[in-house]
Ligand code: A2P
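Just one chain is shown here, as structure tokens, and it is the form predicted on its own.
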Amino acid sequence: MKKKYNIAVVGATGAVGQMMIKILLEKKFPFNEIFLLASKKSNGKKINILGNQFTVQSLDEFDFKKVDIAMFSAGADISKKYAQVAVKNNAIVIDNTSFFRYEENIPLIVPEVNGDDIIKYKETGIISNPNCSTIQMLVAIKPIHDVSKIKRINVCTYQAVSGSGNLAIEELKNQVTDFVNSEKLKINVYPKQIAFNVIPQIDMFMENGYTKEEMKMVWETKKILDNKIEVNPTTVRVPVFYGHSEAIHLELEKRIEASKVKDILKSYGNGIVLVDEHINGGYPCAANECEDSNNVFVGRIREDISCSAGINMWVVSNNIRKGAAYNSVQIAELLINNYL
């Protein structure tokens, strides 16, 4: 009989936490019990997901001895406070926040890219989930890097408001309604209005003029894929609910024709879906292909006319699914299939 596992989802009332539960159910993950954990104010709250009703428990009072795998998605401060508590009670932590990502002895995992590195979890009991924008980019470019090493990445992201959580989703909805009704827009989550606008700032500014979101893509690409790759990112928030889009420009060690890149991605599979036709609409978009999908969609593949060994591409994926919850569940699957 297949072994079953007890799972805790920390941050279960948030967008990513609820998606984690949904994907665990969709994939028929072999769980015995799922414990939904959140702050004291949510204790006793009922949540219905795919026809299953769950009751939220207070994280403060929870005994992690009941748990085999604890999936955290409640912010870095919560992970800082409770992840080690879970580990001390013999639970393995899969952390979706930024808190552990840059610690050398904690694996930062995109299963399609560096799944074998997961074994390093045995040192600390913690596995870190990368940033959403990094995940989809690395899934798309890994097969290319295997054929011709990537020297440099220029990337511009166009990121959905769901990356900022439920309050940001509500802010966009409310601003659109207020705009249509000619009412004053209320601005709380973002520094400027997000409705009918694009904001070239995600997270705080660093000393070098880049934002923290941009530097996450630099640090994480080097840690996960190849420390020699140079990354030049600009991250932008756009008025889209779900799905991040990225314009990626690769400088390679040796030239690969665009047709060859398409063949590489087609044959690779592994969560990559090619949508690339030179016709109106022959490319993936956030509101179309990726809304309910765990895949990474790639289109607009072409040779860079300004660089002798360059490739341009357009990459779209659901930031709450593959960019967060689904990647975490994939990590849990690697754990139970290979290590538990």
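Sequential numbering from 1, following the sequence displayed. Predicted, not measured: the structure shown is a model, and the values here were computed from it.
Not pictured, yet referred to below: the form predicted in complex with the ligand.
The site is open: after superposition of the local C-alphas, no atom of the ligand, taken in the predicted complex, comes within 2.4 Å of this form's backbone or C-beta atoms. Although the partner is absent here, L59 lies within 4.5 Å of the ligand in the predicted complex, judged by heavy atoms. For I49, no non-hydrogen atom is located within 4.5 Å of the ligand in the predicted complex, even though that partner is not displayed. Using a 4.5 angstroms threshold between heavy atoms, S39 counts as touching the ligand in the predicted complex. Heavy atoms of S73 reach within 4.5 Å of the ligand in the predicted complex, making it an interface residue. The contact with the ligand in the predicted complex, taken as any heavy atom within 4.5 Å, belongs to I78 out of V218, I224, I78, I106. Taking a 4.5 Å heavy atom cutoff to the ligand in the predicted complex, the contact residue among V316, I331, A325, A12 is A12. Picking from 284 to 292, 40 to 48, 26 to 34, 307 to 315 the stretch near the ligand in the predicted complex, with a 4.5 Å limit on heavy atoms, gives 40 to 48.
Along 317 to 340, a non-hydrogen atom within 4.5 Å of the ligand in the predicted complex is carried by no residue at all.
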